[in-house]
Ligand SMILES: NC(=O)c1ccc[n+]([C@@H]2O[C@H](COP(=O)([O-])OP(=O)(O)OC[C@H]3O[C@@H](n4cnc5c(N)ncnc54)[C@H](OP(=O)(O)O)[C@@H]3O)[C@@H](O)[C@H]2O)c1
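Below, in C-alpha cells: the form predicted alone, a single chain.
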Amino acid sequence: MINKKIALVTGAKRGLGFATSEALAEMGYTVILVGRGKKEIEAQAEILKTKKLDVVGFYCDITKDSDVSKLKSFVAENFGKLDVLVNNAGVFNEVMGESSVFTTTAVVVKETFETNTLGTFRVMNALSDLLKKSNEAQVVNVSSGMGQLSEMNGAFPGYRLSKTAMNALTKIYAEEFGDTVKVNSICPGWVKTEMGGAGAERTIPEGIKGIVWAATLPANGPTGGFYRDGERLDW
C-alpha cells in the first residue's frame, strides 16, 4: 500500500492547476496531473520531474465518461487510494464585454456546465470510493466569486451558473461524505492566468494560496464551506 499522500489535480496543464500540482508535490505529495492534451499534460509533468518531484501526467477529458473511468482505474491500480482531489478543470466560453443573459445561448451555457459542473460531478463520483480509503481525504472544488449568490451580478450567465451549481455540489457531497471526506469550495480570486487575463488582480501564487490551504486541512478542519484565502465567504 502507498504510504505517501496521493493528490490528483484536474486542469493541471497550466495556470492554477499546474501551480497547485507543483506546490503539493513540493510538500511531499505524489501528484497526478490531469488534463486534456496528452502531449501537453505529459510535458508539464516532465517539467516537475526535472525538479525531482514525484508526479505523473494523465490525459483525461472530464466531459467523457470513458475517460473518467480510465482515470479511476489508473488511480486504483497504481495507488489504491486518493488523499486529495482538486477539481480545478474549467472553461470560460463567454466573451468579455459582450456576454449578457439576453444574448448568451443555451449552447454556451450547456458547454460550460459540461466541464465546470458535470465534469466535477463525474470525477467526484468516480473517485469517491478511493477518497474514502484515505484516513483524511480532502476535496477542493475551485469555484469563483462569480457564482456567489449573495453578490451575484449580471453578465456571463454560463460561467456564473456553472460555479453556483459547483457550490451546490460541494454542499451535497460534504453532507453525504460526512466525516469521511472534507469537501470545500475555494474562490482563488481574479488571477492572471490564460482564463483570467493580464488585467487580473492577483498572481498565480496568490491564487493558489487558498487551494493549497483547503487541500491540506488538519483533521479538525472545516467541510462544506466556501472560502477565499482561508476566510469564509457567504454562498
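Model, not experiment: these values are computed from the prediction. All residue numbers refer to positions in the sequence shown, first residue = 1.
Missing here is the form predicted together with the named molecule; even so, the following discussion is about that form.
Engineer: Judged by heavy atoms and a 4.5 Å cut-off, are Val84, Val181 and Phe226 together in contact with the named molecule in the model of the complex?
Structural biologist: No, because Val84, Val181 and Phe226 lack any heavy atom that approaches the named molecule to within 4.5 Å in the model of the complex.
Engineer: Name the stretch: of 45-53, 62-70, 167-175, 22-30, exactly one has residues whose heavy atoms fall within 4.5 Å of the named molecule in the model of the complex.
Structural biologist: That would be 62-70.
Engineer: Hey, in the model of the complex, does Lys163 get a heavy atom within 4.5 angstroms of the named molecule?
Structural biologist: So Lys163 counts as contacting the named molecule.
Engineer: Is Pro188 close enough to touch the named molecule in the model of the complex, meaning at least one heavy atom pair within 4.5 Å?
Structural biologist: Within the cut-off, so yes.
Engineer: Evaluate Ser99 for contact with the named molecule in the model of the complex, applying a 4.5 angstroms cut-off between non-hydrogen atoms, and reply yes or no.
Structural biologist: Ser99: no contact with the named molecule in the model of the complex.
Engineer: Is Lys209 close enough to touch the named molecule in the model of the complex, meaning at least one heavy atom pair within 4.5 Å?
Structural biologist: No, no contact at 4.5 Å.
Engineer: Across 78-103, which residues bring a heavy atom to within 4.5 Å of the named molecule in the model of the complex?
Structural biologist: Sequence-ordered list: Asn88, Ala89, Gly90, Val91.
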